[in-house]
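Consider the single chain below, provided in structure tokens and representing the form predicted on its own.
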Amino acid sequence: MAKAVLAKGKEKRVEYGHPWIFRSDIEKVEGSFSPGDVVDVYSSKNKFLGRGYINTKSQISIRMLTYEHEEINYEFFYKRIKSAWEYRKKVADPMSCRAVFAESDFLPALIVDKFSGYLVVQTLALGIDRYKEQITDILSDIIKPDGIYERNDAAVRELEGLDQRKGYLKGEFDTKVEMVENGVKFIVDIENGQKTGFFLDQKETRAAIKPFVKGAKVLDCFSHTGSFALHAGYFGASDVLGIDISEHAVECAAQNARLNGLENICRFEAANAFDKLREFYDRGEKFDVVILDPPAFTKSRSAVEGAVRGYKEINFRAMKIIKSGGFLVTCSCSHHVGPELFMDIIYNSAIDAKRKVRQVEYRSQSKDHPILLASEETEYLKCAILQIV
């Protein structure tokens, strides 16, 4: 096994449990290796730090798998996946959840989402992709799904020298899968939907809106396939409008509304949410509850300034159209916009909107997306439930 030696002063982050080693952290690699191989990792003082898979094509050149002297084989992955699944059975509804959350489950770059009896798998780095067949067998043995589908059509794989692909890993089945979340039914398009087909990380926040939406007129911006909007209708809202720029998403949301018998309460429109928020303000239309759950406005530190402007604009506009005493549910999934910055944006939006705002609740991602304290990158979702007075 090749031996990667870290540059002096670059060891601490690994010793504290961060799973990533960047190309610039490596002083040298002793011995031969191929991209994707497992290597031993040592400090500059020749202290063993652990083992991870290496790919110098990627800026994240080593992803740590273990900090012990243990073999990386079938038994290793079986133990890790079983541990991840046992955790989900304790903290989440195992019928629909994220079964494996990459670094947070000590399986870097591996994502497994479960929708009813079906699993969707992503292997987003070369080192983990090498074990895809073993992982499929292990998932079949531990979780016993009816089928497994691969959604490796993510551009990040190209940074690892991998192709983009999707298709069946186990069985052949209808890739439009019906699942239930908090009592609400959804059709999940695991073949063509965004990422793995549905955003499970907001499950607990969607349940948390129940006290605020009963009898309310609700606006759900960036509604995707209607997850927040349909929860609002299910929890007793009188009128719900969902806005999303994707025609396909809007069609799926309308289908989900019919599936739940909510088509007379939940309406969906394909439009730009920024434009619609301005339009509602210009014509004086008011809502009891506004929900903002946009896609990530930035995926790099260099674009944070633009993201801040975007978040401020939608929160400012939303606050202007909420009735006094109403509620704003506002979210960000941009890792580079941290919790403190996110709340600063909301506060500054309130100042500009000349509204008084009370924080009712602050939330993060659901428990099936645990946060690894040593890796701030695993904490990305922020959600504030606010009263506008």
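Quick note: we count residues from 1 along the sequence shown, nothing fancier. Keep in mind that this is a model prediction, so the values were computed, not measured.
Another form exists, predicted together with S-adenosyl-L-homocysteine (SAH); not displayed. Remarks below refer to it.
No residue of the trio 73, 81 and 134 has any heavy atom within 4.5 Å of S-adenosyl-L-homocysteine (SAH) in the predicted bound form.
Just one listed stretch, out of 280-288, 99-107, 238-246, 149-157, contacts S-adenosyl-L-homocysteine (SAH) in the predicted bound form at the 4.5 Å heavy atom level, and that stretch is 238-246. The partner is absent here; in the predicted bound form, the one residue of 264, 272, 192, 164 having a heavy atom within 4.5 Å of S-adenosyl-L-homocysteine (SAH) is 272. Distance criterion of 4.5 Å from any heavy atom to S-adenosyl-L-homocysteine (SAH) in the predicted bound form singles out 206 from the list 88, 114, 206, 317.
Using a 4.5 angstroms threshold between heavy atoms, residue 293 counts as touching S-adenosyl-L-homocysteine (SAH) in the predicted bound form. Under a 4.5 angstroms non-hydrogen atom cutoff, S-adenosyl-L-homocysteine (SAH) in the predicted bound form has residue 227 among its neighbouring residues. Residue 199 belongs to the set of residues with a heavy atom inside 4.5 Å of S-adenosyl-L-homocysteine (SAH) in the predicted bound form.
The shortest heavy atom separation between residue 223 and S-adenosyl-L-homocysteine (SAH) in the predicted bound form is within 4.5 Å.
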